[in-house]
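Heads up, what comes next is one protein chain in two forms, each shown on its own as structure tokens, labelled structure 1 and structure 2.
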Structure 1
């Protein structure tokens, strides 16, 4: 009896020794992410490549549900931090930077020349003069339109806002919604506002507005809403009750002509049966010709939490993700745009259009209303936009409410 238990203990010790030596051979890199199925496959391929190049590192990817991740990250950053975590650029990462949950990775940027290769997204990764993560993809916003509907009413693709509004009258006469959107989840409405303001007042103004430096009751903001009011009657009624995918269905069915959306919607349009022949993309038309064209391109990023245990390997992984080759492959699978300037883009016409659009933007690249403005302001603002599209006569009350919120939130 005594002997067997001693033998068992010996076996256990040996087993434990073996286990620790196996761990010593391979360092574990824990990575928490929120990928949809297609991006997940792309990232698994990239991780396999990284592990092949670094056989001593074992990347353990833990994938979360996209919406659940937004809440989960707050818990795991403080309680059980991984070595790498997905998040977003701009003001969206500010709470984590300010509370010291993200690690400064300026050294990764400098050591790998990322300031040049990732230059287009550098500004959105910087807070207090330091870099807080590495971007791996972004995508353009703009107007997606149904070409057959344009042919049906004899409208031409507009370059200016006046032409766009004139088209809307033609569509209305044919019983087609000129602009469709689904604001049940609020954010699609913010895309319309962002572009109207970027075209009316420009990038600097937009950044100051989302940064809380310009009052919402200002005349410049009213000018933006005045442009919005011109198309308000032509926006899909009941948009407040439908999801953005339902609105995409309206465009596919030819019940709507234009949709201010991000490039991720192309997949939905095509699932609905549209092809490169029937689906068109145009930049948001010019409103004020004196304002340099600015665009919107939300950037997705990877960060190192402050509580990471394997910082060296995490930095190695960030440098790997930033390389031109990896970003090319990743974004080909994602159907989005790489940030590294030496990457190439696929043959897809919408990706090409987006690449062209963003790489020639003179004005500046905004993230998106809910990433540029602090979360609380974003919520109240987007509710205001939704309300304006339903009750345009309430504009004064809406702006007054937003202004009160601004004074409280940015103090």
Structure 2
């Protein structure tokens, strides 16, 4: 009996030593993020899958609230950098790239074929010919429209801006707003500006404008506002006094025909009573046929801080997050769109339409005005957009004010 007990104790000791040794051999991968509850659960599942495939890696996720993270990232990138950090694509990552706080991960893209599989978001991840992170989710913007109202006035879904403007005249004759929006919070108007500029001047111009490289008084910018002026009389008159949800109600009620908005609004439209039979989605129409089609799709990303200590495993994690299967699972939980073109999406018609739209975008992916421009410039710009929709005759004064802000903010 004593001999048996000794053998059992010895076996237990050996097992504990083996477990301790295995734990000691595990490499820690520190990951800082700012997930809401649903994305957090989805990422915890993805991390568990990664750790199962890589038992020698222990991913330690520290989650912050959104507002706290904006401050925290500026501190921890300097003082105590993790191995992975969440952020955003485009000009939002530019300051961290320029300050040398994000690591060049071009090799991850090249080694894993990401320039092909993540092609739609490649331009928004590139600065100075190098890639600075990996995107894992985005969602489309575009025009949501009331099919019943289109039928009512005999309008067809337009492919060009001229056709869209012609439809506006039909809606106006029937007492229906051609475009609705609610700019009380300013940002919805930026979606209209972004698309008008992307369709008039293209993605590179838009990035240069939001990056402070093009004067707001430039003729190219005036050309964008000239296109906006064509539909300004047909926009919901009291938009500056209402929120975006109030404008959504106008579309639901058939008092408005079109709404330039992100896919997150679909839930609000359907809560109001719209169905797949009455709610439609279209890409923003072509203005300049010589400009490659670019889209608006705010993109969430993961980066390797320059101060990371476990770079090899961090790159392995980025490659894992970029795979089609992982992006499919993540975005099923998020209710958004995978960026990997080989991922799959569910049967929701708006998710499917968005996936097709963004996966085939030849001209680049913009992030939205208040992500692509610095915060102060974004606020002044969006105030100008709102004013233009109310007082189009004040365009010169608006553009002069934006130009003065550009010269001061981008010094």
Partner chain sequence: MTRAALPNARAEAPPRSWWRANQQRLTPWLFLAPGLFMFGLYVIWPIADSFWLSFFDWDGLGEKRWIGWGNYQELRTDPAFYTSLKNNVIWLALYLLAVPAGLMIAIFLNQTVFGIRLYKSLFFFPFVISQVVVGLMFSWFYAPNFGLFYQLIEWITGRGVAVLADPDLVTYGIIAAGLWPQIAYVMILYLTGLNNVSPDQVEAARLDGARGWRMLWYVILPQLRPATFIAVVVTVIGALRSFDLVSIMTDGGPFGSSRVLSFYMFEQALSEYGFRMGYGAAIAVVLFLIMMVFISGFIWKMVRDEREGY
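Numbering follows the first chain given and starts at 1. Note that the rigid core is defined as the largest set of C-alphas that superpose within 1.5 Å between two forms. Please read all numbers here as calculations on a predicted model, not as lab measurements.
Between the two chain copies, the one drawn from the form predicted together with its partner chain is structure 1.
Each C-alpha goes to whichever rigid part superposes it better, and by this rule residue 312 and residue 350 end up in different parts for the motion between structure 1 and structure 2.
Of the two rigid parts that make up the chain, the smaller rotates 23° against the larger between structure 1 and structure 2.
Shown is the Cα shift of residue 329 between structure 1 and structure 2 after rigid core superposition, which amounts to 3.4 Å. After superposing on the rigid core, the C-alpha of residue 102 is displaced by 8.4 Å between structure 1 and structure 2.
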